[in-house]
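Provided below as structure tokens are two forms of one protein chain, presented individually as structure 1 and structure 2.
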Structure 1
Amino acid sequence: MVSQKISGKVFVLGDDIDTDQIIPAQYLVYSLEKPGEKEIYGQKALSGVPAAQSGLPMGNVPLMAEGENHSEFAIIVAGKNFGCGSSREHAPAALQIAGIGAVVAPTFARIFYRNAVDGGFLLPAESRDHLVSRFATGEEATLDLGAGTLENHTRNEKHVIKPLGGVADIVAAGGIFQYARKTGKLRNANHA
């Protein structure tokens, strides 16, 4: 079961952040399971974003402090078409490994959205409005999918989050495998 309420510091990015910026292709050689390699994905998450666009509005803020394995940020607020580009599931996985619980954007690229939902990596939440100018990196916020809100505590502003629609049951179950077992689509004993 994925938590549908997440609080913490916000990391802000612009439009069209593609999967090569989320996790550059040179790191895809590492295992997503093996200890010692898996952590590299967290350390290198968003390392492909040009420095000036990393952590808006000021820029030059890395998601992960040097030598850390867990980011101080919990929620990404981004512009349109987040996660465009390749189908690499390593992208939502890298953000999850870094400690990100949700990405809020007005629109998502289709495969990133699917991967986030079916793999249960993080919550992809669609905002009604483009919110990049309404947040600064480091501000505190709470995403509440049930209430349909993203609250900026620093500015005391509330923004509308759209309902999940057709994927709500998969998100609630925690991924495609959990959903398929819950609905009887999958009946194998493993993890049943």
Structure 2
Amino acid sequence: MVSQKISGKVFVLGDDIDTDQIIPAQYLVYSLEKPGEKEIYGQKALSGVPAAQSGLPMGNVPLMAEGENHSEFAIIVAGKNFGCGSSREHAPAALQIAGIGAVVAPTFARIFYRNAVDGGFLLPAESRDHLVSRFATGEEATLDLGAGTLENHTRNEKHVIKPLGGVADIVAAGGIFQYARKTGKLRNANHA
């Protein structure tokens, strides 16, 4: 297991945040391969979340400041069933492009979890408890995979994160195919 830490400001969301809220369908016309268009995914990440749910418990907090290409937030703390809805891999990609390194939630929709890991986009870390009430948007935190904790520096509290096993190594490698090549489980096309 890779010992990895992600530190920064937390963005808090509630339960059942779906992929249409993470990246609304009207933005799926842009290419993830073209740099100028790819930035739009980050700029529009979470733009489908109703204002009352955005940045809970404060409300009305955008993930991305107007005109910016990178969010001030590094970690999302969310409620249960994060990433439910359609099976769009653009959802974890949009969060990564925005600057999010990890989402911490008690449960994830299976397809979001797999897309986040397989694409090497971000770490989907499962918390043992529902942590939405233990964090506020803008608080400083550190996700320490080695220690299995999410520490809220603002409140001086540590919370337990379930072990990720090999998932962290796959994300660190840049996705499932890169991991398979790196570990010798998949040969490069040039060496076939």
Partner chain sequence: MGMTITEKILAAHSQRDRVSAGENVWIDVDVLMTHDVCGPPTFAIFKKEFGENARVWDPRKVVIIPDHYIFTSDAHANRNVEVLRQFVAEQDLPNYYDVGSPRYKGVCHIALPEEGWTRPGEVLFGTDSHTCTAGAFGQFATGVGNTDAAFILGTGQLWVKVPETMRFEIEGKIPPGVMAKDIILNIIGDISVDGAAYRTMEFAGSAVTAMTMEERMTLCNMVIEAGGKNGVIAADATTEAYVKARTDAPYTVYQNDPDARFHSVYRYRAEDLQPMVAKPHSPDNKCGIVEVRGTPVERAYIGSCTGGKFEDFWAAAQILKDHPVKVDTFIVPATTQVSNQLKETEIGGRSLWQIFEDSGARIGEPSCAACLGGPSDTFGRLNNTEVCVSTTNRNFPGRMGSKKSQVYLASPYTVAASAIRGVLSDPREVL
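Quick caveat: nothing in here was measured; it's all calculated off a predicted structure. Rigid core here is just the name for the largest C-alpha set that superposes within 1.5 Å across the two forms. Here, residue number means position along structure 1's sequence, counting from 1.
Of the two forms shown, the form predicted alone is structure 2.
The two forms, fitted on the rigid core, differ between structures 1 and 2 by less than 2 Å at the CA of residue 40. For residue 67, a C-alpha deviation below 2 angstroms is recorded between structures 1 and 2 after rigid-core alignment.
A displacement of less than 2 angstroms separates the C-alpha positions of residue 25 between structures 1 and 2, with the rigid core held in common. For residue 172, the Cα deviation between structures 1 and 2 after core superposition amounts to 5.2 Å.
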